[in-house]
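For reference, the chain that follows is the form predicted alone, supplied as structure tokens.
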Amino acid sequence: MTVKILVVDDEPDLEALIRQKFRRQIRDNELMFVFAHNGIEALQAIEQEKDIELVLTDINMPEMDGLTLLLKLSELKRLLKAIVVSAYGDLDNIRTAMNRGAFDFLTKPIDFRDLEITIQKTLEQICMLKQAVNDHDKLLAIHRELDIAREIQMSIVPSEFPPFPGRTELDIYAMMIAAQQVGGDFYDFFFIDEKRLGFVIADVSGKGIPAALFMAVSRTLLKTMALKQQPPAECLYTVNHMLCGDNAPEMFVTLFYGILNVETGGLEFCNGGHNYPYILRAGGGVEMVLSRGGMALGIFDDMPYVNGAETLRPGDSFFLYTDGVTEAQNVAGEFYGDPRLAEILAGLSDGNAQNIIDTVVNDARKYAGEAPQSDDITALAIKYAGSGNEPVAKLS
């Protein structure tokens, strides 16, 4: 690329000397020179020639001197570097010029070898600044894209609560807080038919864009299979097969998928390597659901998955979460842990779904304190109100 240099000096012989000294660079289109005789002409040239990058200016000139020109250059929204030329020993003006933004200086009479070296050094600095500006612009573009990706990601998980205002059998609330702008956790819930609610929570390995993409694929596959009314274990088997068929290295997802019959409280589920959920029994008591239905999805094909079953009674709540909750770390590097989670849940059996989620998430974040969030935090609570059609337990 040709670099355009503006030379500002009222000496009539300087233009010829410059053209003679840099004739090879001018011939090879490495350098192009524009000339002005004072600061006013220089500003006009800069306005007309948008690609001027370097200004070589004398200090003492008529109409507008070099020091005033430097002030004007500092007001321009342009990437310009200036080299000032002054009489030998004129340290006061040189100091003032440097304070006003000059990159370097030369003294008269000009040593053209020194001028060539100084121009080269200044052009290298300009090149570095251009690269920095370009990198900054790219970084801003990446941040904008990540913001858009986060908006898209958040739009594909339910965010309106209550999600089913016309249904009185249950109360649902969920929250997802990504450790980065985008994350690998997700949750979802949907009615498979009039009386069966499907729900899922999952945690993709890794973070950032790869995890977010794998999350979107996993969620889509799971919901597609679920709406075909497959039992949970069969659903996870099919999704695992699809993920293993064309999976990026080291990507997998832990996943818990359940189906709640809102008429009877019957709960059928399959746990694919995910954290054990909890049942908060009405009136008190917390039970960890220890059934493990199979391993994480996306690692090995043709793996078996097994259904589990529980029953929710009216007033019971089902709590699911990702390890961003239990593995939240404080400044000492200590984990929040399952015991603390169980202790918090034990006092929430009478709360609604939002109260359960808010209390747990706030406690985990309070525990972490000033420590940075190391993993996505996601939690889902389903409080079962009952339909009046549940079987009545027989008294012994």
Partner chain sequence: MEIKESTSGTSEVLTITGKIDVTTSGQLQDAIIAGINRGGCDFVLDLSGADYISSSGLRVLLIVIKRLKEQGGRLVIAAASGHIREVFDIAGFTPLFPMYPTIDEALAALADTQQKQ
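Numbering follows the first chain given and starts at 1. Predicted model only: the values in this text are computed from it and were never measured.
Separately, the form predicted in complex with the partner chain exists; it is not shown, and the next lines address it.
*Asks:* Out of the stretches listed (166 to 174, 103 to 111, 297 to 305, 312 to 320), which one is close to the partner chain in the predicted complex, meaning heavy atoms within 4.5 Å?
*Replies:* Partner-contacting stretch among the options: 297 to 305.
*Asks:* So in the predicted complex, does Glu250 come within 4.5 Å of the partner chain, heavy atom to heavy atom?
*Replies:* Output for Glu250 is yes: heavy atoms within 4.5 Å of the partner chain.
*Asks:* If we define contact as a non-hydrogen atom of the residue within 4.5 angstroms of the partner, is Arg292 a contact of the partner chain in the predicted complex?
*Replies:* So Arg292 counts as contacting the partner chain.
*Asks:* Heavy atom to heavy atom, is His274 within 4.5 Å of the partner chain in the predicted complex?
*Replies:* So His274 counts as contacting the partner chain.
*Asks:* Given that the partner chain is not shown alongside this chain, does Lys207 nevertheless sit within 4.5 Å of it in the predicted complex, heavy atom to heavy atom?
*Replies:* Yes.
*Asks:* Since exactly one of Gly347, Gly369, Gly333, Pro62 fits, which has a heavy atom within 4.5 Å of the partner chain in the predicted complex?
*Replies:* Partner contact (heavy atom, 4.5 Å) among the options: Gly333.
*Asks:* Note which of Thr68, Gln329, Asn352, Thr359 lies within 4.5 Å of the partner chain in the predicted complex, where distance is taken over heavy atoms; exactly one does.
*Replies:* The residue from Thr68, Gln329, Asn352, Thr359 that makes the contact is Gln329.
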